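Coming up, as structure tokens: structure 1 and structure 2, two forms of one and the same protein chain.
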Structure 1
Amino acid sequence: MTMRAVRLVPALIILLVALTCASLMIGSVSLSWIDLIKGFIRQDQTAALIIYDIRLPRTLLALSVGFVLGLSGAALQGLLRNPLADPALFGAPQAAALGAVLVLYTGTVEALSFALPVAALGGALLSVLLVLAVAGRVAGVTTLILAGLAVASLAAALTSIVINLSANPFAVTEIVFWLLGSFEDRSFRHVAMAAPFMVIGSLLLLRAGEPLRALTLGEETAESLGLSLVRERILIVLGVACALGGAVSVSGAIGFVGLVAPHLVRDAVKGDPKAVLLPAALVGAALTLSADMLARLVPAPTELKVGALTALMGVPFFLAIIARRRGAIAADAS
């Protein structure tokens, strides 16, 4: 690891600590530093209530969901050797949402059951596998985007059919808002539900650093260097599905963090697909928490949705990358 990469991680952790403090202090009731400390040690009951019941679970979720989004993006980019890969481009969040919506509105389970992340995980896994199967082993940018677009559209269409068939009129608004992605009104039960999946997924992805490095020169070269390609692909796809399944089941669909976060740190780690993993995850956490704070701060009749904000930030970024890589993408299409 380069010296810059070594210092990058502590710097990002300091940034995250600062953002976390800010996230606990701001909201419809602002807390001062003193309120914060008093609340934490439960000397001030109101502050303690705000911190422990409202802002801390919300902040933890934003951090952990952002972490796995950034990590999944970096891992998928490494796996496909393609800087445009993002979980959202695989239709993974949409498919995970479909899985969750299916179990929710067939009424088989209650909203805080473990069945929810499992169903979301199943959806995410199916979508990533489907895109990989359609796009093939050496997926070019165009093939990948088209396959991902198709899978995302399919998941969205199936989700709207589920909404159509839903007997409960409130279900529609609820699902639509949920699909936009939000951390509003989340409790520690949500954290407990999603955490195991996000932890397992993150561990699977963080351990994939060396395989991703080997993949730098192509799949067959990696195999010639002793990598068990099939096994590594399965573990990485499983890791992404697990992490996203957990994340989507509590936060809804939040896009583009996985695309943007690795880009922001790739130069600092000199393109190393292993060294980029942790910084990309930390930047993902910072971006998502910032977006959530922005959602809370912007005055609006109902709170803004984080997913909408990350898309607002991410889409121009995505377009800029496409514009810059136009030549390569055109060559790939021919």
Structure 2
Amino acid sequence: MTMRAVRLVPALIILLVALTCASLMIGSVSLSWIDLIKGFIRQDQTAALIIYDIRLPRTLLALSVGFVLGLSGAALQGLLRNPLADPALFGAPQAAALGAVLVLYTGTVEALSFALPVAALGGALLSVLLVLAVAGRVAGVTTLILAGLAVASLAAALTSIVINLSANPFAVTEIVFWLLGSFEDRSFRHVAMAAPFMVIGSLLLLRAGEPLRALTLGEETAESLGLSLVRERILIVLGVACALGGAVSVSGAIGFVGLVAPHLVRDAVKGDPKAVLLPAALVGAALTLSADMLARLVPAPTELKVGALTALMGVPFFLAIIARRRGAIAADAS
């Protein structure tokens, strides 16, 4: 690992600390550094209320959701050995969104406050089980991708049908706003519900560093080194589903972070799929928190949605990647 790569993680942590402080200070009511300190130690009750009840849960969720999105993207790109791989590839985010939309459509969320995250997590895990069942126990990468795309398309289609069938315009508005992705009006209850699943998913993905590095030598060589490809694929896909299920359950759909974040650090680690995992996760956290702050700062009748802003950033980046790699893509297609 290069010295540049060694310095990357501490630099990103410092950046995240600075962004976290900025996130706690900005909003409809601005806080100074003095207000921030007094609020943290509860000397100023108004500042403490703003920090602990409104901004800190939102900031923690933006950081954690961005972390798992960047980590999931890096893990999938390493598993598939394709820099265009995205966390949505196996259908977990779409299925999680479908579960949450069903809860919003039926009104269950009004009776059970925990129904939304539970339904989203259930949808994500169900999508993975369906993918693995369709692909088979000894599935290769191509089979997993095709099964994942089919499940993702099915979940997206069912979500559209639910929206069309909803007779309540308020429910439709709530569903559409939720699908756009946001951290608005989140509390520590949301953090507590999603955190265990995001932690489990992150641990499953971080432990995959050595297998991903072995895969760069080729599947046959990796298996000769004692690596069980089937086992590793299943663990990585389960890790992505668990992490994204927890994330989507509290944030809604936030795209392109998992695609963009690994590319921003890959050159610094010389393309090492193990070394890219943690930096990509930290960059994902920084991107998501920055988008959330921008959503609060842009003057608008209603707060902008984070998912719309990340898509606005991600689409040009995605097109730039395709343009830069069009020769390799054409070669692969032929």
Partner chain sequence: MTELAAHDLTVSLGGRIVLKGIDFAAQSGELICILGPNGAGKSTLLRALAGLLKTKSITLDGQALNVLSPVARARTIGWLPQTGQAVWPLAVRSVVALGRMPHGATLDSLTARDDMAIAQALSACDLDALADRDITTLSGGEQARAFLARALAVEAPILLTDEPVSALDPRHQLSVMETLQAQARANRLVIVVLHDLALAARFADRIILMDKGAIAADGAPAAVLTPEQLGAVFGVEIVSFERDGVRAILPWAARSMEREA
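Residue positions are counted from 1 along structure 1's sequence. Treat the numbers as computed from the prediction; the structure is a model and nothing was measured. Heads up, when I say rigid core I mean the largest set of C-alphas that superpose within 1.5 Å between the two forms.
J.: Since only one of the two is the form predicted in complex with its partner chain, can you say which one?
T.: Only structure 1 fits here, because that chain is the form predicted in complex with its partner chain.
J.: Quick one: core overlaid, is residue 248 moving 2 Å or more at the Cα between the two structures?
T.: Shift at residue 248: below 2 Å after core fit.
J.: When you overlay the rigid core, is the Cα of residue 151 off by 2 Å or more between the two structures?
T.: Comparing forms between the two structures, the residue 151 CA shifts at least 2 Å.
J.: Taking the rigid core as the frame, does residue 120 move its C-alpha by 2 Å or more between the two structures?
T.: Shift of 2 Å or more: yes.
J.: Once you lay the two forms on top of each other by their rigid core, how far has the C-alpha of residue 92 moved between the two structures, in Å?
T.: In the core superposition between the two structures, the C-alpha of residue 92 moves 3.4 Å.
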